[in-house]
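This document starts with one chain, in the form predicted on its own, laid out as structure tokens.
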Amino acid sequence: MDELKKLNFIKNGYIQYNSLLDKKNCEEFLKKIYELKNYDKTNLFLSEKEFLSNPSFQKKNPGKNINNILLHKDLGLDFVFKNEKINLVISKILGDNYSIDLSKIVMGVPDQWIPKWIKKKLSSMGSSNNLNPFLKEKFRDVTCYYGAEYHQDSIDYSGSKALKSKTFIVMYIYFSDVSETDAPIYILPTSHVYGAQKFPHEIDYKDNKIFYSPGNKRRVSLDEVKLTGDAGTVFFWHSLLLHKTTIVENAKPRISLKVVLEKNSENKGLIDFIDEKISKELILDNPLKKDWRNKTPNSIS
């Protein structure tokens, strides 16, 4: 990692790499996913009647060692997890000793695939974007989503689930080319410095600018960056960096890898320099506002 990337990561809370992974390996992995799972708009979702017979929203997403497609013996991700360049970047950020808290496949489902009754249900639930409660059980080993508003990844690690170190990063990899119509990730650089804030966040769009009100006490103007890229593009971001995604407008899903990495070492990494600049808490006991209609996050992304 060169000096400029280090400085940019400390300041902006994220880094993008375009050439850490071989595009062919990503295409081959994606092919295995499709061979294993015959994703199609006709077979992915429960019927409305099936859903209403047991409308549960809890424990529908993949975990570290349970209900996770990455546990399948025919899926190999050595080209990611044993990649020397990737591991070097991670060690620069977190120090020599770190662990993987969770790795999972996330899939943006095309708008045209989603039944109207599910869209209506999601709309009535306020901030929800998670489709897994509506999936047939065999497809719940991947987190499927329909857009996602701005959030911090720390929302999934608050309260009793808080990480020991209270600080971590996310590695996010596109397995296919992601353009504007493929639901790219959007981020707000520098938003992490205001610390952990309750969801949903106070964000306003005005005159082609974005204004963020952390803790409802101040109002800051932030730039919005759209993270497009070819297959194999790798992103790293701080757990408090605000990010979102939109709706997949194309006919094919956007399938990516999300990895949550925790710092376990006392040796300083770039993340320590970032945390020193954060003005508030790194994690909250309760990450949700009282007026949010969903009582649990059930995995935002």
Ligand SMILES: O=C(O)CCC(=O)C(=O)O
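All values derive from a computational prediction rather than experimental measurement. We number the residues from 1 along the sequence you see.
The same protein also has a form predicted together with this ligand, omitted here; what follows describes it.
S.K.: At 4.5 Å by heavy atoms, is each residue in 185, 254 and 258 next to this ligand in the predicted complex?
M.R.: Each of the three qualifies.
S.K.: Let me know the one among 172, 157, 175, 98 whose heavy atoms come within 4.5 Å of this ligand in the predicted complex, would you?
M.R.: That would be 172.
S.K.: Quick check on this chain: which one of 239, 233, 61, 245 has a heavy atom within 4.5 Å of this ligand in the predicted complex?
M.R.: Contact with this ligand in the predicted complex is made by 245 alone.
S.K.: With the partner left out of view, is residue 151 within 4.5 angstroms of this ligand in the predicted complex by any non-hydrogen atom?
M.R.: It does: once this ligand is placed as it appears in the predicted complex, residue 151 has a heavy atom within 4.5 Å of it.
S.K.: With a 4.5 Å heavy atom cut-off, would you call residue 145 a contact of this ligand in the predicted complex?
M.R.: Judged by the heavy-atom cut-off of 4.5 Å, residue 145 is in contact with this ligand in the predicted complex.
S.K.: I'd like to know if residue 89 sits close to this ligand in the predicted complex, meaning any non-hydrogen atom pair within 4.5 angstroms.
M.R.: Judged by the heavy-atom cut-off of 4.5 Å, residue 89 is well away from this ligand in the predicted complex.
S.K.: Considering only heavy atoms, tell me if residue 196 and this ligand come within 4.5 Å of each other in the predicted complex.
M.R.: It does not: once this ligand is placed as it appears in the predicted complex, residue 196 has no heavy atom within 4.5 Å of it.
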